[in-house]
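Shown here is one chain on its own, the form predicted on its own, set out as structure tokens.
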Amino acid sequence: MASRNALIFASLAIVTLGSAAACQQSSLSGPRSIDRRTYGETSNGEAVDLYTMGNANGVEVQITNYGGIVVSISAPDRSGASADIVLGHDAIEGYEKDSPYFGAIVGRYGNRIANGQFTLDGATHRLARNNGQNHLHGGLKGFDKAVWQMSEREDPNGLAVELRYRSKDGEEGYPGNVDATVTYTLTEQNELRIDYAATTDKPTVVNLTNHSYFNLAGHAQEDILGHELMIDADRFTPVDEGLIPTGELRPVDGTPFDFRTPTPIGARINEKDQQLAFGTGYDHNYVLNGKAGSLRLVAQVREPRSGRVLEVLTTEPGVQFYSGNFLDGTIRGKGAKAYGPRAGFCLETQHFPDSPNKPTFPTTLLRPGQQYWTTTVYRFSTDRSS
């Protein structure tokens, strides 16, 4: 109950950007629009497009069909000044050569699978090992490196683009042809809604997510340690040295992982804790409160200086909170900005890591005739305080 009350309390100080737009008409108002242009070509010569969606409140989202990447999200602060609040690159070449999954759709399985293998119906499937001995985010060429079919879609809730991709039987070691559809919708309530769907012709595992790195002060700011985070979760899944869950569901109470009330990300990140040492900071899955399968508010982040607020709603049972620990300044992103340690954070809604090898975890099994679907919403707003 305490964590749920914290969610409600944290929401009281927030105004929607639509309300702010009424007060900042000259800087925030704009036509609801969607634009498509050529974004370039991959190194293999495949054409890539960029779609730009904008609503009447000054929120703008850019998405490319290379990896289904969210290239930018521009949102106003409490004074009406807009900034791009996700890390990324200026051109397709950066995403191909030098990107830790910035903004991408990750699959066929988001997060890690131990030892790059799992057994299904008595057959062992060996996957690409691209994270030490483990499999990470779909392998060497996961969904983040695919060129998706992309088109505009009519949606009563706002502007939408739909991406489709067929992951072929055996791709990165996974069984079955999987037809995946991801729809991004920008609403007039300043929400970026992501709907995931998939079907298969053989039993397989599916766990899709988006890997956007946020910095609500603006992508070019130094770090996110002052952002105030709240996650509605009483437990998390501790990991071993390879960041594979042990299978335990550990209470957050009394640990640096307790974000049930709003707490700066940097407040406890350097405490002496084995789990923080394993992740070099936060890189852990949280067991979300509430009923999985129902869309509910699970996390909130506030950046005090700008007043920008991000709320996360999802149908998923878990969320991976990653504090950007492995960014080290060697990646130069938009405007040649060097992204240093903890320059951005991720809240990757998901089923749990290594679920195919953990029968007590929520299943990621998908069989022929079944429909995989999940929804996640990133909602943007500002607070009243200065």
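Sequential numbering from 1, following the sequence displayed. These numbers come from a predicted model, not from an experiment.
Omitted from view is the form predicted together with alpha-D-galactopyranose (GLA), to which the following refers.
Q: According to a 4.5 angstroms non-hydrogen atom cut-off, is Phe361 in contact with alpha-D-galactopyranose (GLA) in the predicted complex?
A: Phe361 lies outside the contact set for alpha-D-galactopyranose (GLA).
Q: Looking at the partner-bound form in the predicted complex, is Leu136 within 4.5 Å of alpha-D-galactopyranose (GLA) by any heavy atom?
A: It does: once alpha-D-galactopyranose (GLA) is placed as it appears in the predicted complex, Leu136 has a heavy atom within 4.5 Å of it.
Q: Would Arg112 sit within 4.5 Å of alpha-D-galactopyranose (GLA) in the predicted complex, counting heavy atoms only?
A: Yes, Arg112 sits close enough to alpha-D-galactopyranose (GLA) in the predicted complex that at least one of its heavy atoms falls within 4.5 Å.
Q: Is there any non-hydrogen atom of Ala198 lying within 4.5 Å of alpha-D-galactopyranose (GLA) in the predicted complex?
A: Contact check for Ala198: no, nothing within 4.5 Å of alpha-D-galactopyranose (GLA) in the predicted complex.
Q: The chain here is shown without alpha-D-galactopyranose (GLA). Which stretch in 303 to 311, 251 to 259, 95 to 103, 170 to 178 comes within 4.5 angstroms of it in the predicted complex, by heavy atom distance?
A: Going by heavy atoms within 4.5 Å, the stretch is 95 to 103.
Q: Please tell me which of His219, His227, Arg108, His211 lies within 4.5 Å of alpha-D-galactopyranose (GLA) in the predicted complex, judged by heavy atoms.
A: Checking each option against alpha-D-galactopyranose (GLA) in the predicted complex, the one that comes within 4.5 Å is His211.
Q: Of the residues Asp84, Asp283, Asp77, Asp234, which one places a heavy atom within 4.5 Å of alpha-D-galactopyranose (GLA) in the predicted complex?
A: The option sitting close enough to the partner is Asp283.
Q: Is alpha-D-galactopyranose (GLA) in the predicted complex near all of Ser33, Met53 and Glu191, within 4.5 Å of a heavy atom of each?
A: No.
Q: Residue by residue through 295 to 330, which ones have a non-hydrogen atom no more than 4.5 angstroms from alpha-D-galactopyranose (GLA) in the predicted complex?
A: If the 4.5 Å heavy-atom criterion is applied to alpha-D-galactopyranose (GLA) in the predicted complex, 295 to 330 yields Gln320, Tyr322, Phe326.
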